[in-house]
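First, one chain by itself: the form predicted on its own, in structure tokens.
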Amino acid sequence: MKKKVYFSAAFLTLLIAAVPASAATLGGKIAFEGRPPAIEKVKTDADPKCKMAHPDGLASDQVIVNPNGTLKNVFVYVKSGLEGKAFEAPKEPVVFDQKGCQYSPKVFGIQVNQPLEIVNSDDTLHNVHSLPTQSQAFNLGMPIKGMKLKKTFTKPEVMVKIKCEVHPWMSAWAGVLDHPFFGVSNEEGQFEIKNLPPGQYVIEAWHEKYGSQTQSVTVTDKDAETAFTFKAA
């Protein structure tokens, strides 16, 4: 007699979501309109190791307007349209480095319960202080070059600020989501959201200084393009 095997509704939802019948890449560009703000220089004299890495000072990374008139470090993600679907967190960690007395990446996405591997590549003391409102905060001192620690976020939240009390110019932002459909604009202002199932979505683009914008997008089984424009304050 064959034994019957039962699957929970949650498991079937995960299985269906993990293997879509068809999927597409939603690409796009973040344009910047207006006069870029003046580049501010941050003094690093308080830490000799940081001063050595940046003898002429460090440029603020809050606003980076690319040479082609686009904006870097804009977090773009599916804000709505995935209700009722579940997505397993990747086992591979997101690597978050402290290098040259800066956080890298400055802006990144990560799924709920996905490992965040925090690395100190500098031969100086750093501090990683997360400020979520939905997950438990962590505040880690990392005094040793090559030191690695792992943390996770347990609830979705856009965005979570990360700061360093040792070096106050250091800050980063994490977009914590319960799905993998997000991207960050690069040195060309471009972003990609890969493997997005067909459907109707609200896409949000978020920037640290210029806030957020949303637009509705219909995705089929073919790759599509969209665009956002942020204006100078």
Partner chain sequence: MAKPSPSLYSISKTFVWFALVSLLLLGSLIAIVLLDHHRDWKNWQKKFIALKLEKTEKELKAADEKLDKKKIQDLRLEIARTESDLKAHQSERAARRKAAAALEPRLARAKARAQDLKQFQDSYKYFFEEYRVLGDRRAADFEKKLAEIAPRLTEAKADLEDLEKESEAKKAALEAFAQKEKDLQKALDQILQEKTRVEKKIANVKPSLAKDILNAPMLDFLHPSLQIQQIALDGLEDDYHFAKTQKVDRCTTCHLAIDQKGFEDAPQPFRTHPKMDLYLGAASPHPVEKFGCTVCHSGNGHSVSFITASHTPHDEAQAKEWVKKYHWREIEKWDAKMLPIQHVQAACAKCHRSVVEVPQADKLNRGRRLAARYGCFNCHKISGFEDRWKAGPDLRRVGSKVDREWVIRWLQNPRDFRSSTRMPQIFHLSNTQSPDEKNRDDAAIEAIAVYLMKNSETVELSVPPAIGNAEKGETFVKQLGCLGCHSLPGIKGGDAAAELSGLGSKVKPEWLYAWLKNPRHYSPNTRMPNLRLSDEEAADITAYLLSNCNDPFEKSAAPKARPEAVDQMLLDSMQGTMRHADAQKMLAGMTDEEKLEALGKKSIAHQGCFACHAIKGFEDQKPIGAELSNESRKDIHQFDFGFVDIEHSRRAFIAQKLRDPRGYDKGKVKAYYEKLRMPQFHLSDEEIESLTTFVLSLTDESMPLEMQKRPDLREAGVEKGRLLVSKLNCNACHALDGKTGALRALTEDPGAAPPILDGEGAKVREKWLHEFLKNPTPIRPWLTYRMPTFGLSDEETKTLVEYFAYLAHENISYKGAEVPETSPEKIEAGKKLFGQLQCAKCHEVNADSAAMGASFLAPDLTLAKKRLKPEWVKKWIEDPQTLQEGTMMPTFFADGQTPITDVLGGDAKEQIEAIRDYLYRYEAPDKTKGETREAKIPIANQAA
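Model, not experiment: these values are computed from the prediction. Positions refer to the first chain, counted from 1.
Below, we turn to the form predicted together with the partner chain, even though it does not appear here.
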{"property": "Ile193 within 4.5 Å of the partner chain in the model of the complex, heavy atoms", "result": "no"}
{"property": "Gly146 within 4.5 Å of the partner chain in the model of the complex, heavy atoms", "result": "no"}
{"property": "Partner proximity in the model of the complex: Thr124 to the partner chain, non-hydrogen atom cutoff 4.5 Å", "result": "yes"}
{"property": "Non-hydrogen atom contact Asp47 with the partner chain in the model of the complex at 4.5 angstroms", "result": "yes"}
{"property": "Contacting member of Val63, Leu26, Leu58, Cys164, with respect to the partner chain in the model of the complex [4.5 Å, heavy atom]", "result": "Cys164"}
{"property": "Proximity to the partner chain in the model of the complex, single hit among Met142, Ile110, Val78, Val107 (heavy atom within 4.5 Å)", "result": "Met142"}
{"property": "Triple contact flag His129, Lys151 and Pro168 to the partner chain in the model of the complex, non-hydrogen atom at 4.5 angstroms", "result": "yes"}
{"property": "Region of this chain that lies against the partner chain in the model of the complex, out of 152-160, 132-140, 110-118, 89-97 [heavy atom, 4.5 Å]", "result": "132-140"}
